[in-house]
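In the block that follows, a single chain appears as C-alpha cells, in the form predicted alone.
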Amino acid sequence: MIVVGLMSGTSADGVDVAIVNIRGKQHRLKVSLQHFEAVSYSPALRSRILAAAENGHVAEICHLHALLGEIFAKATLKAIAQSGLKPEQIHLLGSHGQTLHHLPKLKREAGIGPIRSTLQISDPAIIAERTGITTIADFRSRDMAAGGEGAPLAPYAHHLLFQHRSRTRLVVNLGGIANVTVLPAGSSLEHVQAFDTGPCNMLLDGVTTQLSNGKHTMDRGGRLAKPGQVDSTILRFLLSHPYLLKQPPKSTGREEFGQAYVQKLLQRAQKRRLSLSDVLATCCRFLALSISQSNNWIKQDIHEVIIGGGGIYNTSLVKELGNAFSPVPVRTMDDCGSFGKAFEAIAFAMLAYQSFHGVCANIPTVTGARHPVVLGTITPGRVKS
C-alpha cells in the first residue's frame, strides 16, 4: 500500500507529510519513504493554536478543527503532486492531527469513575473529502478508553524499524515533548518500554520567543545556546519538577510544560540576570539530563542511543546528549537507515496501515492500557460512482 502519514507535534510549527510504501502482515512490515514534505504554519496560525491549547474558547477550537482539516488536506495534495503521484494512487491516509490538550492524569467523575482525555484537532472528514483518500485519525482515544494514557504511540514503529538482534537500543524522539523507547536486544513487542521524559523543543521555543521578544521563535541549529553558560541554580530548579520522578507509564504535554512553566523559569532567570544564551544553554543541559536519567526506570545496559525528531538539528542539544550518555554512542535515525525528521509522520502512516488491517498497534506495557486495541477511527474517501 502507498500510505500518507500526517503529523503535527506539540511545538505546533507545521504539518509533516510522509508518503510511504508499506507491505507485510501483522508485526512484520517493510517500510520505505517515497517522499517527505514539511509545511510550516504561518506565525499567526501558530499563535492561534498555542493560545487555544493554553486557554482556548470552544468557538475558536471548533473553527480551528475545520481550518486545520483544510490545511492538512492542502499539504497532502501538495506533497502528492511533488512526489509525482496522483491522489488516486494513494490507498490510505493516517492523520495524527494537532494536539490541543492531553490529560492522562485520572480525573474522577461522580457516578462514572476515573476519566482520561485527549484532543487532537484537524477534521478527518474534511481531509477525506478534499483528497478523496480514506483517512484514519483519532489514534489516541481508543487506548485511553482501554485504560491507557494514549501516548506514546511511536514506540510501536520504533520496535518495527530499529529493534536489533544483539544490541539494546534507546530510541529518543526530540520533538515538542521528548520521549524514549528502550528496545531490548532480540526482544518481542511486549518487552518494549517507553514514556515521555518531559519537555524538549517546546521549552526551547518558548524561551527563545519570549526572550527575543518574538524576533526568533526557535534556536535554529542551537546557535543561540552555543555561547551560553549553564546556570546551576536554574538547572536545579528545572530538575526538581515532580514529573521527572513519576514512575512510567507516563505522558505529558503543554498542560504541564506550557506557557506557565516557561514564565516560572524566566522569572527566576531574570532575577539571576541571565542572557538568552545562558538560559538556552541551561535548558539544553536540563533536557539532556532529563532524557539520560530515563535509565533510572529502564535499569538495563544500553548499547546505543538513536535520536530523531526536529531536535537533532540543534547542535547544542545534541552535544549535551552526547556528554550525558557518554561513553554510549549517540547516533541519528538517518545513520540507521531512516529519515529522522519524517519519522513521526512515517509512524502514523504505519499505524494507519495496521488499523486498516485490524492489527492492534498500541503497546499496553508502554501506555498502561488493559489490553491491545486497534487504534483510530476510519473516514472513507470519496465513493466512486
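Position 1 is the first residue in the sequence shown; the rest follow in order. Everything quoted here is computed from the prediction, not taken from an experiment.
Only in words, not in the display: the form predicted together with a further copy of the same chain, which the text now covers.
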| item | value |
| --- | --- |
| Answer range among 260-268, 101-109, 278-286, 185-193 for contact with a further copy of the same chain, defined in the predicted complex as heavy atoms within 4.5 Å | 101-109 |
| Joint contact, Ile71, Ser141 and Val373 to a further copy of the same chain in the predicted complex, by non-hydrogen atom at 4.5 Å | yes |
| The single option of Val31, Met333, Val330, Ala52 touching a further copy of the same chain in the predicted complex, heavy atom within 4.5 Å | Ala52 |
| Option touching a further copy of the same chain, based on a heavy atom within 4.5 Å in the predicted complex, out of Asp231, Glu256, Asp205, Asp123 | Asp123 |
| Heavy atom of Lys341 within 4.5 Å of a further copy of the same chain in the predicted complex | no |
| Interface membership of Glu129, a further copy of the same chain in the predicted complex, 4.5 Å heavy atom rule | yes |
| a further copy of the same chain contact at Thr197 in the predicted complex, heavy atom, 4.5 Å | no |
| Exercise: Cys360 in contact with a further copy of the same chain in the predicted complex, heavy atom 4.5 Å | yes |
| Residues of stretch 53-73 in contact with a further copy of the same chain in the predicted complex (4.5 Å, non-hydrogen atom) | Ala53, Glu54, Asn55, Gly56, His57, Val58, Ala59, Ile61, Cys62, His63, His65, Ala66, Leu67, Glu70, Ile71 |
